[in-house]
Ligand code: AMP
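Next up is one chain by itself, shown in structure tokens, the form predicted alone.
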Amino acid sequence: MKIAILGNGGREHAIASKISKSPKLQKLYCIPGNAGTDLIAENVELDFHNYESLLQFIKEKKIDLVIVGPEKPLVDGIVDFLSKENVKVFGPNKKVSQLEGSKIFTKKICEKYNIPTAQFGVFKTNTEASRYLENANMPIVVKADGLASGKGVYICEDLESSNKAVEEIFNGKFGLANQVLIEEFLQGDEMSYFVLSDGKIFKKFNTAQDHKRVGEGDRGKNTGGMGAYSPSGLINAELDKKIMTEIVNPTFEAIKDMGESYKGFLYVGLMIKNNNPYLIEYNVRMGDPECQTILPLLGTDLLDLILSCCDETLENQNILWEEKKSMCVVLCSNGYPDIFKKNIEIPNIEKIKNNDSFFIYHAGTKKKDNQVYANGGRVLNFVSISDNLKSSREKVIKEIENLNWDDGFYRRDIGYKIIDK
């Protein structure tokens, strides 16, 4: 088969790496890809937001399947466009992608279908929001409604910072904003729970824990993710049943009631308190860096699973997992998530070799004249699998130190709540 993966991050490199091992694969394209995907696929400099150009490429190369990595093209309706052109594409359509595209859309589903979540209010003006905040308990969470690359969430400790967050959202920091979401702050531990669906049935696809704060001890600004580990240390049989019964099942019921079907990965972002799950958010694709943490543990051919979702035959698939622990640590450009330099060479990266239990997935990189350069905030994902998370973290840190890249930084404490307690 000829397959094209859309995206250029660590998630897409991890998907490409797994797909590249399938016996069904004939040719793999990454659009646009990065310096890592260049080693296992043909990178194509093409703006996939230009649907007509993308379609022309798909037809010229006789692509059999398109896999959409990031959220924005899904929310914008790329699946609908390609499906109408009879292109086989993996990912949810525009309507159901509102589960990620609009936090308010998801909250209204929670309200209607009694899905446990934080209490919330939706406000259309600064004045309305300020009036509500004056009587609210602190800390409180202020959220931009639309896509914000994981950065449109403010956890505010006082009235002044809350009002500032509302003002920034309405002033367009994350794009045009007609509404703002304010919700109670839930105490507990976050967990990432993944589901795979073919439009008829869905199956659990593993769990992970993500560290979003830039600083050690989960302090500092929110980022796209500084590291993750899988499986989650919080998951147990009772909690798993609650997540399915109270959150996942009613969400798919809501999708069915809309007259829609969902094909693709669904990321269920949860807060766990006293072994009870509360929905924080949905993502309509694999998380990043959770994807890089989870996929190395997958024992089933990923391409078979994706094709079964496209063909509505997921019920025939057994999803198998290695009985191991996986750890991902993200190496970032100095200055991230604020201002950072681009086009910085990463020397000696070719000396760090992947094997059956260690992987480097590229995120913000590009290749020029056979040299690898950093061109993003999150640059490289170092992943190790072993029998315990402590060993995985030690291996990852050793390899990051071997790289010895002076222009980057990372968190040394990923997984600390389990490893260091």
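Keep in mind that what you see is a predicted model, and the values were worked out from it rather than measured. From 1 onward, residues are counted along the sequence shown.
Beyond what is shown, the protein has a form predicted in complex with the ligand; the following relates to that form.
Chemist: Name the single residue among 258, 138, 186, 297 that comes within 4.5 Å of the ligand in the model of the complex, judging by heavy atoms.
Modeler: It is 186.
Chemist: In the model of the complex, which of the listed residues (118, 244, 122, 201) lies with a heavy atom within 4.5 Å of the ligand?
Modeler: None of the other options qualify; the answer is 118.
Chemist: If you check in the model of the complex, is residue 143 within 4.5 Å of the ligand, heavy atoms only?
Modeler: Yes, residue 143 lies within 4.5 Å of the ligand in the model of the complex.
Chemist: Test of understanding: in the model of the complex, would residue 190 fall inside 4.5 Å of the ligand by heavy atoms?
Modeler: Yes, residue 190 is a contact residue.
Chemist: Do residue 271 and the ligand share at least one heavy atom pair within 4.5 Å in the model of the complex?
Modeler: Residue 271: yes, in contact with the ligand in the model of the complex.
Chemist: My question is simply whether residue 222 lines the interface with the ligand in the model of the complex - judged by any non-hydrogen atom within 4.5 Å.
Modeler: Taking the distances in the model of the complex, the answer for residue 222 is yes, it comes within 4.5 Å of the ligand.
Chemist: Within 4.5 angstroms, counting heavy atoms, which one of the listed stretches 152-160, 335-343, 108-116, 171-179 is next to the ligand in the model of the complex?
Modeler: That would be 152-160.
Chemist: Heavy atom within 4.5 Å of the ligand in the model of the complex: which residues of 267-281 qualify?
Modeler: Residues within 4.5 Å: 271, 280, 281.
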